[in-house]
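There is one chain below, alone, in structure tokens, taken in the form predicted on its own.
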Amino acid sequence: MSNFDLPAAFEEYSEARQAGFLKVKEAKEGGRRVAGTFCAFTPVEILDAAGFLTVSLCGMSAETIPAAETELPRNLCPLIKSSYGFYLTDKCPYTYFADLIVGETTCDGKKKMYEMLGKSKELYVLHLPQGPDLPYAHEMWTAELRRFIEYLEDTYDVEITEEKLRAAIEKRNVMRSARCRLMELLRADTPPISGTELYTFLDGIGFNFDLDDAIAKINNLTSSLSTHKSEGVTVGGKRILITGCPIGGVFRKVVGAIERAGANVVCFENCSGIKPARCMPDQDAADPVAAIAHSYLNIGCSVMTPNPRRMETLPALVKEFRADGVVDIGLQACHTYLVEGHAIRQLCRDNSIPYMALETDYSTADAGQIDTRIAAFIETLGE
């Protein structure tokens, strides 16, 4: 068993952050490898089959942005700056202890940030096709995943067999199904949980290294909430669907404003919500790698051009969750989502869906303005 050093400033960190460091340190001392990821396009089944613990490294706090801005431009996406700042300051236990960071060629800012991370961390970048329906996209992405498998086998002396891949697909699909069942409770006339409570719970589950335990916790909450629903413990108000950028760094500001205005978020369409949870590889397919590739290409992200999946999914989700309105969140300098906002606005207009766009960052400077704007939007939805 190896011993791993904690960061020099460990004693200065909060109790919760110290607990995170100790948890991942214990896992590594038990012989496990840790892979940090940034995107829903990263094929976690392959990392599972290689024996890695997988965790998201997306920064969700403005705390480390000043440190990042010593090396990155100020007019850059706050998620990128926050993530890189956690790396610079050793304040994220998962970045600090990561044996491998897996990047992907989605947005330009992240691609260049990966180059900087790669100077001192083991880094692998997946090259993603930029259009899901291009004639070569599926073949290219499948080949890219095979290249990733070869890299993991050669670098870490592991064997990634079809049997291991199918087992990983099965387990991850059980997890996705559990997440979907929980999120689908919000289809009820009066949901048994608020958007804030749901998002907070699912975000926390992402840092549970024991997938069986994580699945059990999700299923237990779903069962408990179903009982609460029958007892009349519910959340009312206008129903809002959130789309757009990853919202980890702004969800309390934005979702909090929606709830303070008397409404409730009933669906998170974005990459931490329903969209990736419903992309399930076929574990019985003849080629599990091709099945993984096919499934992940169905994630409707704005980095794709064109992006038909999002345009098809959004109106369907509005109907399924009976949303009264759509709030499209764009992080400052997230060009793909901000530009695509025009098409989403037109899509909602064509489908008679009330829509509002919010461009924000991780600061609290615009919190009051967001409260005012969202309250006004909720008021327009009527009784």
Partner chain sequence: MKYAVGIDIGSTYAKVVVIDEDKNICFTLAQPTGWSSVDTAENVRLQLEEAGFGQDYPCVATGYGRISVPYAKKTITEITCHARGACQLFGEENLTVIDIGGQDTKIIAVKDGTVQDFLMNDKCSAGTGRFLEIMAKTLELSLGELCDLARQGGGTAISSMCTVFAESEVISLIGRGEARENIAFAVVESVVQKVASQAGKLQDVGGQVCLTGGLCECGYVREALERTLGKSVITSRHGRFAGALGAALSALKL
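Numbering follows the first chain given and starts at 1. A quick note: this is a predicted structure, and the numbers were derived from the prediction, not measured.
The following text describes the form predicted in complex with its partner chain, which does not appear among the structures shown.
Though the partner is left out of this view, residue 335 does not reach within 4.5 Å of its partner chain in the predicted bound form, counting heavy atoms only. Contact annotation for residue 349: at least one heavy atom lies within 4.5 Å of its partner chain in the predicted bound form. At least one heavy atom of residue 373 is located within 4.5 Å of its partner chain in the predicted bound form. For the chain shown alone, residue 356 is a contact residue for its partner chain in the predicted bound form, at least one non-hydrogen atom being within 4.5 angstroms. Contact annotation for the candidate site: 345, 366 and 377 all lie close to its partner chain in the predicted bound form (heavy atom within 4.5 Å).
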